[in-house]
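Shown below, as structure tokens, is a lone chain in the form predicted alone; questions about how it binds or moves come after it.
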């Protein structure tokens, strides 16, 4: 579940507000002054916690990547069926998405054209590793007969990632407030409808 801002350290608040600015206002408005103004602190206070604005972006990406990767491992360990594993994985991913306000999917798009190798490498490694974990669960479902055999596991994994990405873009374009994925169970059900055998 998404943690309340009051319970966060200043460093975590900077990261959370930074993520929100990236999604709601764009990378051009992702400045120390903008973050500081929203938190009621000075620009200098931000640099007590982070060396640069790029370090804040890396922190946002690192948290997202590590939480999503950990949720995939936990889903495999805790889930008793393939469907349950995929549900656990997607629910955890949606929680991380909400916590980071959709910043990482936006950064994936923005930084895909960047010359910054570190950003691109980190995001590419995440997508490849996450895709591999989802594909593994899909193959398991195909072997047990719960997932359609004619589907390519890597295509299904990218469909999962792409569906979440699409929800973020729809959220950004609409300018709406609140949750990015308002009805997670309904969203997961729609995804499952396309891959699970009836």
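Residue numbers count along the first chain shown, from 1. Just so we're clear, the structure is a prediction, and the values are computed from it rather than from any experiment.
Only in words, not in the display: the form predicted in complex with the DNA, which the text now covers.
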Contact residue in the predicted bound form, from 148, 48, 139, 38 (heavy atom within 4.5 Å of the DNA) = 48
message = Please tell me which of 172, 164, 32, 61 lies within 4.5 Å of the DNA in the predicted bound form, judged by heavy atoms.
response = 32
inquiry  = Counting any heavy atom within 4.5 Å as contact, can you tell me which stretch out of 128-136, 155-163, 61-69, 40-48 lines the DNA in the predicted bound form?
reply    = 40-48
inquiry  = At 4.5 Å between heavy atoms, is residue 189 in contact with the DNA in the predicted bound form?
reply    = no
ask   = Counting only non-hydrogen atoms and a 4.5 angstroms cut-off, does residue 53 reach the DNA in the predicted bound form?
value = yes
